[in-house]
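The chain that follows stands alone, in the form predicted on its own, written as structure tokens.
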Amino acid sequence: MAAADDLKFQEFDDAANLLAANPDATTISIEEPVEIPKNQHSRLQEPGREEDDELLGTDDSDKTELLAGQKKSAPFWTFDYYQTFFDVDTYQVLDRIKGSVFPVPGKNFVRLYIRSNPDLYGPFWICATLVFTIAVSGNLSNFFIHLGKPTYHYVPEFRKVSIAATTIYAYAWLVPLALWGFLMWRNSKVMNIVSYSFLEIVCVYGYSLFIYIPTAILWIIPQKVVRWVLMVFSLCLSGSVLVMTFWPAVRDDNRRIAVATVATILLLHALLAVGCLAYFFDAPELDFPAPIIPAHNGTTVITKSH
């Protein structure tokens, strides 16, 4: 059996003395535990910090998504580059349409619906549908206004399609381009201004026009009062989407500049609605020439239409 002294706890010498006595001994190095960096430790201490940053738009992922058009890896002349702009499913499009028709007070449309995946699919087809809806409804409205008049002969006005397409697509692209350039310029002057990418602004403007599609169909009703009431109602809905989206982007700027920017956005939006209603639906009534009916005695009788 082992001696009693061998079972007692013994104090060992320093590692240097032991290695000097027995150089062939095997040593094992036990490292100190790795310290957690302070920045990681602070995140562990604050589990809700990341979620708050995401809601406030200060996290890194939000900054990278801010310039959505620059995060594409494919060259711009390839089909793959533009395919990513249409990479959206039906549920996302319907959700964004619903958000534009029923805006939530105090909610930013970009941050709530667009920023995760801005697209051009919805804005393109909304504008195309609106073009044909306005052109067809304008022709039908003109037909119903003059229906029953013996001197009226219906002639479809196909030029309204090209005029509506030029107006709608110019508004949906040129106004966002000017607004994006203005926000970038003001962002260089005032650092606190929130900036949107050009794709996000186009997306907001495109979806905000959806409410005018059912409105244009209802504009067929041959009552001017009803048409203007529908126009004001649609303008308030779509305009509120634009205000709640772009006011947070300019509210930290000079007060006069911020108010003037939002007022200009609403003014251009109102001009589009009023112009479409006045040109395509409230056109002045044509004065048709009176038909000439030959009489039996060889003379001609001119009938006057009322």
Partner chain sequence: MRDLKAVGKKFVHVMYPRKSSALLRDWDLWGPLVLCVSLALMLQGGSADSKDDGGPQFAEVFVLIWFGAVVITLNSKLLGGTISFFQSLCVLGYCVMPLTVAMLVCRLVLLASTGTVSFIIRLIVVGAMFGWSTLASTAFLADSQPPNRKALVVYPIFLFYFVISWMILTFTPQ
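Positions refer to the first chain, counted from 1. Source: prediction; values computed, not measured.
What comes next is about the form predicted together with the partner chain, which does not appear here.
S.K.: Scan Trp228, Trp180, Tyr171, Phe124 and let me know which has any heavy atom within 4.5 Å of the partner chain in the predicted bound form.
M.R.: It is Phe124 that has a heavy atom within 4.5 Å of the partner.
S.K.: Find the only residue in Val190, Cys236, Val155, Val104 having a heavy atom within 4.5 Å of the partner chain in the predicted bound form.
M.R.: The option sitting close enough to the partner is Val155.
S.K.: Within 4.5 Å, heavy atoms only, one stretch in 127-135, 108-116, 171-179, 198-206 touches the partner chain in the predicted bound form. Which?
M.R.: Contact-bearing stretch, as computed: 127-135.
S.K.: Using the partner position in the predicted bound form, report whether Val93 sits within 4.5 Å of the partner chain, counting heavy atoms only.
M.R.: So Val93 counts as contacting the partner chain.
S.K.: So in the predicted bound form, does any heavy atom of Trp77 sit within 4.5 Å of the partner chain?
M.R.: Although the partner chain is absent here, Trp77 would stay clear of it in the predicted bound form, with no heavy atoms inside 4.5 Å.
S.K.: Would Gln83 show up as a contact with the partner chain in the predicted bound form if we use heavy atoms at 4.5 Å?
M.R.: Contact check for Gln83: yes, within 4.5 Å of the partner chain in the predicted bound form.
S.K.: Would you classify Val88 as touching the partner chain in the predicted bound form, given a 4.5 Å non-hydrogen atom cut-off?
M.R.: Result yes; Val88 sits at the interface with the partner chain in the predicted bound form.
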